[in-house]
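Shown next as structure tokens: one chain only, the form predicted alone.
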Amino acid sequence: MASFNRDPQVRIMSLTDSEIKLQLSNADTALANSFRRSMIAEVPTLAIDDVHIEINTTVLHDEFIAHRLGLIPLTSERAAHFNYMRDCTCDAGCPNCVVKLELHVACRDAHQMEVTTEHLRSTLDGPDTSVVPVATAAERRDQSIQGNHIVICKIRQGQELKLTCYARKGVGKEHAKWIPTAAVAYEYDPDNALRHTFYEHPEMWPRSEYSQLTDDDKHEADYDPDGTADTFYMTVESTGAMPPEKICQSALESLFTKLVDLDNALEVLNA
């Protein structure tokens, strides 16, 4: 039980618009992995969940285009303020649980045209709350960022695409389109003192950025048979749907809620 009586500490090592690096100490592997999995599977975001196609004369099937639209990351900083559709009091979608996006593009000349996320128009696009493709939001924040829009399809003269999308709130364990992270990874024991990894030729293994070795000729720390993994170096990369620090905060809130629910259930069971 000693491993559960720790006081975990989190230190932010670096932070950018798309990535955060953390040091989680006084913890164990179970907690670190629960935190990692929570960031992937338990953080609510908004994603296109329903597509009504009115006109499609492109070379791609309706289902193919709908699938591509579903995987487009949307800004989701205020996803917590939306209701899950299954919990909403409405019958078929309302502003509290659904965001409508529209797209209508037609090619009139002889040149090939790219239909991208730039052509998606959201009905929720105000100064306070905005649900738009991530590339659109990035361009508004920084005018020097151009041309990062996701290509939905390419059309030629005479081809047309007109559709309406409905974005809803969800989490990654329901479908990958709601995952807010592009990558979540952690490492511990950067100098392999615990020998959880066997290096046949240690000198060929790249040195970790968190290495504490001071001798350039040494490639592994001395073996520590009594050592345990209690410090974890985590890297979280966002898709752009949410700032990385908010992903971490939301994951911790979700993890805390689950633990509280478990504690309450055990109290009822033991009453």
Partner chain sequence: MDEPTDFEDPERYKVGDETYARDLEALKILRGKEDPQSATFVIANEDHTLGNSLRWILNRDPRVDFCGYSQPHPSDKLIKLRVQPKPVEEGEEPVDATEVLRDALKNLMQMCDHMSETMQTQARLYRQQQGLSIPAYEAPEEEDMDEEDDDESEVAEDDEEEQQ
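Note that the structure is a prediction, hence the values are computed from the model and not measured. For the two forms, the rigid core is made up of the largest set of C-alpha atoms that agree within 1.5 Å on superposition. Residue numbers count along the first chain shown, from 1.
As for the form predicted in complex with the partner chain, it is not shown, yet the points below apply to it.
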| item | value |
| --- | --- |
| Among the candidates 139, 77, 118, 125, the residue which, in the predicted bound form, approaches the partner chain to within 4.5 Å (heavy atoms) | 77 |
| Option from 149-157, 131-139, 162-170, 103-111 whose residues, in the predicted bound form, bring a heavy atom within 4.5 Å of the partner chain | 162-170 |
| Touches the partner chain in the predicted bound form: residue 218 (any heavy atom, 4.5 Å) | no |
| Exercise: residue 145 in contact with the partner chain in the predicted bound form, heavy atom 4.5 Å | no |
| Contact label in the predicted bound form: residue 213 to the partner chain, heavy atom within 4.5 Å | no |
| Residue 66: touches the partner chain in the predicted bound form, heavy atom cutoff 4.5 angstroms | no |
| Those residues of 236-257 which, in the predicted bound form, come within 4.5 Å of the partner chain by heavy atom | 243, 245, 246, 248, 249, 252, 253, 255, 256, 257 |
| Core-superposed C-alpha of residue 261 shifting 2 Å or more between this form and the one not shown | yes |
